[in-house]
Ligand SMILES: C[S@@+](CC[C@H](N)C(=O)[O-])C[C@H]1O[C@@H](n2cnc3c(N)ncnc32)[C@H](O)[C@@H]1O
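Taking the form predicted alone, here's one chain by itself in structure tokens.
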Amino acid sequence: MTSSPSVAFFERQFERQARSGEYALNPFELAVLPHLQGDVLDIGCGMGNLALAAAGRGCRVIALDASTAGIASLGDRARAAGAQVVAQVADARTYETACTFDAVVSIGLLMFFDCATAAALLRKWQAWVRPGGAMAVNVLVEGTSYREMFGAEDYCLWKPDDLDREFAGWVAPRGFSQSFDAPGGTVKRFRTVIATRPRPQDAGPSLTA
């Protein structure tokens, strides 16, 4: 898989975090964790801290990321803990599965593609959520002035309302915005949406099928 400036940025970050043992859940992961159960797909799992926390609650997790450093760290920690986590290096743009899941999570990933690609991926991933299952998505939005992680490739700062609209018709969607100071007097602005896929619909094969 061809690396990109964004992947290289996070490779360095994850290597540094692994060396220093920085495994705490971030605020988005803390908000999402209570909504995870059963079979979970974590797309763009980073260091895999959320995947391991979900496994600790009894979930069976497939965790994907383009960072070899992040996946290596997760794999080592999952094996040491005997956790039900399958950690896999993958390109989110081309990853396919015939399975469906009780929860699909994508935190801090969809802004790294052009807006059309990001929206198409989100809709594809929504179809992998079982009826009654949860989906949690977190993106950077307009107003973000910190851009160091993007490099020269295409990216998308979402309009907050656009992310919410993608979950129209889902059950009890909950959206919230958060802002954080960033280096050089810049700011990161995020939007997170957590929603439940409505019933009844046919579900696809399970992870054990």
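Quick caveat: nothing in here was measured; it's all calculated off a predicted structure. Throughout, we count residues from 1 along the sequence that is shown.
The next section is about a form of this same protein that is not shown, the form predicted together with this ligand.
In the predicted complex, at least one heavy atom of residue 66 sits within 4.5 Å of a heavy atom of this ligand. In the predicted complex, residue 92 approaches this ligand with a heavy atom inside 4.5 Å. Interface residue remark: residue 160 is not counted as part of the site for this ligand in the predicted complex, having no heavy atom within 4.5 Å. Shown alone here, residue 101 lies farther than 4.5 Å from this ligand in the predicted complex, counting heavy atoms only. Not one of 32, 167 and 170 places a heavy atom within 4.5 Å of this ligand in the predicted complex. With the partner left out here, this ligand still marks one of 177-185, 66-74, 53-61, 33-41 in the predicted complex; by a 4.5 Å heavy atom cut-off that stretch is 66-74. Along 7-36, residues 7, 10, 14, 26, 29 each place a heavy atom within 4.5 Å of this ligand in the predicted complex.
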